[in-house]
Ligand code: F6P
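Take a look at this single chain, the form predicted on its own, given in structure tokens.
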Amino acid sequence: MINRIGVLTSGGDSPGMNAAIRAIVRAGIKHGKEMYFIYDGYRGLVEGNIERVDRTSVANIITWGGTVIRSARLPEFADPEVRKKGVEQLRKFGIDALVVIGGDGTYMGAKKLTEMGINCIGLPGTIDNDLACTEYTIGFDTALNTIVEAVDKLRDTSSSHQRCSVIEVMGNHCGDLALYSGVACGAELIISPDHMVPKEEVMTTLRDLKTSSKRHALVIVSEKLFDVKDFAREIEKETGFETRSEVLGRIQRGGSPSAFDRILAARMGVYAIECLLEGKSGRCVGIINNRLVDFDIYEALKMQRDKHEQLLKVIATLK
């Protein structure tokens, strides 16, 4: 029987993590369980940075970005001997189960702990939306809105100076932030792993816009594809558009979570506790067709991401 449950966040932070933490703690207490914060992710687990909490410990955090229990990366957690130290700390505090919030690396750590006798449930906390087992990850919507707000502001100055703006957004090899923000902002071109545009097509499109007296152009690019500064210089040389590059960077991770992310996090947090009480372990939570679901972590990590065929059709139609 599970009596004590810990919660940790690992990897990159994302808006909505605090809303999930709040839901997990309050749902656990509602069911008569003792709840514990594990600070600094798996590193804090190994070091025993653990504290019992109550309802008041999560008061007023639903509006905050980041994570109140902090996050850290610990590549060494892949080592079974390091994980044993984490299990020892959990045994020391009498913690039977964990809810972990993060991405695929976080999930893998949770699955390995499950195999060592600790009941674990994973929640998808990442702005990248790169987990195939869920349509939306906690933090994606907020990051998307941050990008849209930034691009709308860049559009004003781009239009004033009749420039082309090449804007790099995050995603870590997943193109969702680029695709969604590109459609939302009416970008002339979107370049992502799911929507690679040949360089000559980029240049032809922008040359045509320039000759048609278009006052500005927006090009949204996923990170890690190429150097956007070099690309901007090449565009200026080839098309005649005065061109500037912008890398939005980690500003996309911060800020108060959107209503969508707060609600998603709350639903997932409560569902995670329900999964543990039903005896489930080594599972991760997702949302598909607005219904909460759970999958074996190994199976979830093998799933193929949605190729967004409908969204790509919209892009092709509107360009």
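Every value quoted in this text rests on a predicted model; they were computed, and no experiment measured them. Position 1 is the first residue in the sequence shown; the rest follow in order.
We do not show the form predicted in complex with this ligand, though everything after this point is about it.
Shown alone here, A143 lies farther than 4.5 Å from this ligand in the predicted bound form, counting heavy atoms only.
Within this chain, R73 lines the site of this ligand in the predicted bound form, having a heavy atom no more than 4.5 Å away. Though the partner is left out of this view, T126 does reach within 4.5 Å of this ligand in the predicted bound form, counting heavy atoms only.
When this ligand is considered in the predicted bound form, M170 lines it closely, a heavy atom lying within 4.5 Å. Stretch 221-229 is the contacting one of 131-139, 84-92, 145-153, 221-229, since its residues have non-hydrogen atoms within 4.5 Å of this ligand in the predicted bound form. The single contact residue among R253, R267, R26, K280, judged by any heavy atom lying within 4.5 Å of this ligand in the predicted bound form, is R253. Contacts between 29-61 and this ligand, taken as any heavy atom within 4.5 Å in the predicted bound form, involve no residue at all.
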